[in-house]
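One chain comes next, on its own, written out as structure tokens in the form predicted alone.
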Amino acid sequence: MTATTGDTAGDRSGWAGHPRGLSTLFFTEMWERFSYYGMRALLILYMTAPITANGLGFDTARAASIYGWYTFGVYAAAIPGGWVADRFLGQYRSVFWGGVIIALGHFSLAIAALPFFYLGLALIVAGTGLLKPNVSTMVGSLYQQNDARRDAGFSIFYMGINIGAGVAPLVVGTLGQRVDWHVGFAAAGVGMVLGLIQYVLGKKRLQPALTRLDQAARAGEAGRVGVAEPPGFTAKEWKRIGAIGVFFVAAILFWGAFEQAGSSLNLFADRMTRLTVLGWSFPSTWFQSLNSAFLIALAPVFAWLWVSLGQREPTSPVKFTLGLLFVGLGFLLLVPAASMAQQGVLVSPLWLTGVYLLHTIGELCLSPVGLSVVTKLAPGRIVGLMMGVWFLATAFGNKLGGWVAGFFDTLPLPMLFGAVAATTIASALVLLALVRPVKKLMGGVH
């Protein structure tokens, strides 16, 4: 069936009255995120572990640099991945082959040889570039443009992301740290294979979405034939693009701090945090699950908060300011813990728990708002391109975070974490001062 008006028509045979294909894409992305975040939890620990412990024996600076380039590539690859899907493979096959390549990457990492390590990282970058942007596109294509269920559908889909990301460190991290690094990497690959199996079995559920995508692609090709290039941007559009530029810079700084979860904060958890609670010990990679757990718990609270505030809801620039502020406060909280750690004390796990709570609050203020504001501000004829460019902010932020983590062994940790806190909090204050000018650039968009 196809939807024709609002929320009164369309496939309602799936979860909570949503299209049946949503569950297929939910589990595809859940298992992909399981594989990605499970491997990420182990990556820098494996690189810095001594060869006698079956690690690679890299120094922290080298490992952090590799980690930064790898995570940069994962997000930057979304642009060519979307282009390949649009021009050659289509969304369904791009997601399938992306998943296959990702699984091969994890299984390559499971082989204890340096060439296979680099091959594995390259394969995961390429596969994620194919899968991640296109699976999200397919979620949108499950619904007609005016279907009121669309936002709720993406919320359900986002929950799958966080379930996969939250469970992965508990499973993959434990196997990697308690059994063998390569067993952990293999487990990540098995997760991706499970996602692929249910994706193929659920293809029939996706058929309405695939038909809609095919029709849109044919219409786009027809529209390009014999049509002159679109006119230049208006002054109003240029101003709105300028506002996106301001948000882009703020997002790079935010992700540069936030994405140290897998690098400097992971090392702090492993080397300087007490990994026992009431006499029970746990792997350091378990801290990587806290962000997802807090997201699942707090996302409904924030959704209720923004709606309940009504006219008093903060504008997008203010929400970005809050995002930078909270990620900075997280690192500020860690400064006294780092001071104690450098005196040889294993600090309480509550310190990092508090950091991840503050960082999650910051993420909820900035990340979903960024996606929304780009779709509202970008000129309609380049909104797809601008969304691809927006992912580059995450890519650059990851690279920045990897560069900062490279100083973990060479700078006093209170100074390192304090510098990150000072940079992000100062950036929040600068953005706060720019709220009114940015609102003028936005031209009435909230």
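In this text, residue numbers run from 1 along the sequence as written. Model, not experiment: these values are computed from the prediction.
The discussion below concerns the form predicted in complex with a small molecule, not included here.
Novice: Taking heavy atoms only, is residue 399 within 4.5 angstroms of the small molecule in the model of the complex?
Specialist: Residue 399 lies outside the contact set for the small molecule.
Novice: Might residue 67 be said to contact the small molecule in the model of the complex, defining contact as any heavy atom within 4.5 Å?
Specialist: It does not: once the small molecule is placed as it appears in the model of the complex, residue 67 has no heavy atom within 4.5 Å of it.
Novice: Would residue 37 sit within 4.5 Å of the small molecule in the model of the complex, counting heavy atoms only?
Specialist: Flag for residue 37 set to yes.
Novice: Can you tell me if residue 48 lies within 4.5 angstroms of the small molecule in the model of the complex, counting non-hydrogen atoms only?
Specialist: Because no heavy atom of residue 48 falls inside 4.5 Å of the small molecule in the model of the complex, the answer is no.
Novice: Select from the listed residues 296, 104, 246, 161 the one whose heavy atoms reach within 4.5 Å of the small molecule in the model of the complex.
Specialist: The option sitting close enough to the partner is 161.
Novice: Looking at 356, 75, 199, 181, which is the one with a non-hydrogen atom within 4.5 Å of the small molecule in the model of the complex?
Specialist: Flagged contact: 75.
Novice: Within 4.5 Å, heavy atoms only, one stretch in 254 to 262, 105 to 113, 235 to 243, 267 to 275 touches the small molecule in the model of the complex. Which?
Specialist: Contact-bearing stretch, as computed: 254 to 262.
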